[in-house]
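Single chain ahead, written as structure tokens, the form predicted alone.
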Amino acid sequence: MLTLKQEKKRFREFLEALSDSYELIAPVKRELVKFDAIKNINDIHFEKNSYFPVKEFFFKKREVLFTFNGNRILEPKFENKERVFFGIRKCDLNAIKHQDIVFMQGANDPYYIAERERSFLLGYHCNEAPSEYCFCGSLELEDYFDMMFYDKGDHMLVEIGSEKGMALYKKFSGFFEKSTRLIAQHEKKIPGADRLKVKDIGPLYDNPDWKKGVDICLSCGACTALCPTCYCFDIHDEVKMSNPGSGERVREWSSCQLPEFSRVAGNHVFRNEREQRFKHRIYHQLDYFKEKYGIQMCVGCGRCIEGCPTRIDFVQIINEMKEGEKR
């Protein structure tokens, strides 16, 4: 990878130039830290990872797939203005990669693809775990970015990771210097982020310790809403009684933690028990997705733990399990 150096005094100027040329989206601190369009560079917040995942810009919470009126169907027009996401952590960059697999390599979802193609991904590497619940260092995360910024105190080191990143560098080359310095692998490791000690949870499915989490789970779905990789959704039509032949077909986020998610005709619920739903999410994140795609779906951001109303730390629960114990 090409490595660049950027003096801190040029860093702010670079962000200003980005905001002049593109829609700049970065983490800001309101009541909570979240990604938002930047009007003032001073609003950008790097001290803590965003509470909400960046995925809602690509896989939207609520999206109109098309409108209909009788036999006429109208597809929505896609935005074409390019935008730059700055300050995405390594966990969230990998989460985008995993959603790319689902929506671009599998389903070829035109709505998701349109949002991704007009976006540049600029990462901000963590010098330490930004949350006590992070465990990204326990997972097989990769370099996946257009540009990655490493804060080295008085300057930034910047890696170019894609053709889009190279194009962005060429456009703003005056803000950088070429460097012969390479980013060592130990610099890419995040101290304090290797909490998950168990690599294979397959043999633990019937372990009684799952009850530690199941018994205090509210089945509220907060974990999946805050997860940067969960991609479950429902599709339904919305019409008005005044004109039932006219309306919208809408896609909205759903959650495997809700009983109605696996409900089918005849009112049968495939995962009616809370324990079934609780374990399904964790096994999909750490086991099932890997069986299909070769990588774990989870990226270890810890949002599902931090945002849980009863603070269920499934990482700690797994670490304390003893293989071979069953009910």
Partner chain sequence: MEKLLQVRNPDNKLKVGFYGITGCAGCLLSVIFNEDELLDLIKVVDLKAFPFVKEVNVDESFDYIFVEGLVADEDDLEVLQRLRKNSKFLVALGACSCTGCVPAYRQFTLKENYEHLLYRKREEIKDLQPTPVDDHVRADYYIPGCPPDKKEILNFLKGIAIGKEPKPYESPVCIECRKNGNQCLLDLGKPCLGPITAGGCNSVCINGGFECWGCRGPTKDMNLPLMIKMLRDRGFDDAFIEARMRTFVGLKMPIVEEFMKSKEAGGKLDTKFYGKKEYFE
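The shown structure was predicted, so the numbers you read here are calculated from the model rather than taken from an experiment. Numbering follows the first chain given and starts at 1.
One more form of this protein should be noted, the form predicted together with its partner chain, which is absent from this view; the next part is about it.
Of the candidates Val250, Val198, Met104, Cys220, Cys220 is the one whose heavy atoms come within 4.5 Å of its partner chain in the model of the complex; the others do not. This chain is drawn without its partner chain; in the model of the complex, the residue among Tyr283, Tyr293, Phe46, Phe52 with a heavy atom within 4.5 Å of it is Phe52. Shown alone, this chain has one stretch from 88-96, 238-246, 149-157, 173-181 that lies within 4.5 Å of its partner chain in the model of the complex by heavy atoms: 238-246.
Shown here without its partner, the chain carries Leu15, Asn40 and Glu82, none of which come within 4.5 Å of its partner chain in the model of the complex through any heavy atom. Using a 4.5 angstroms threshold between heavy atoms, Ser138 stays clear of its partner chain in the model of the complex.
The shortest heavy atom separation between Ile73 and its partner chain in the model of the complex exceeds 4.5 Å. Although the partner is absent here, Leu226 sits close enough that one of its heavy atoms falls within 4.5 Å of its partner chain in the model of the complex. Its partner chain is not shown here, and in the model of the complex it never comes within 4.5 Å of any heavy atom of Leu65.
Contact residues in stretch 19-40 (any heavy atom within 4.5 Å of its partner chain, taken in the model of the complex) are Glu31, Leu32, Lys34.
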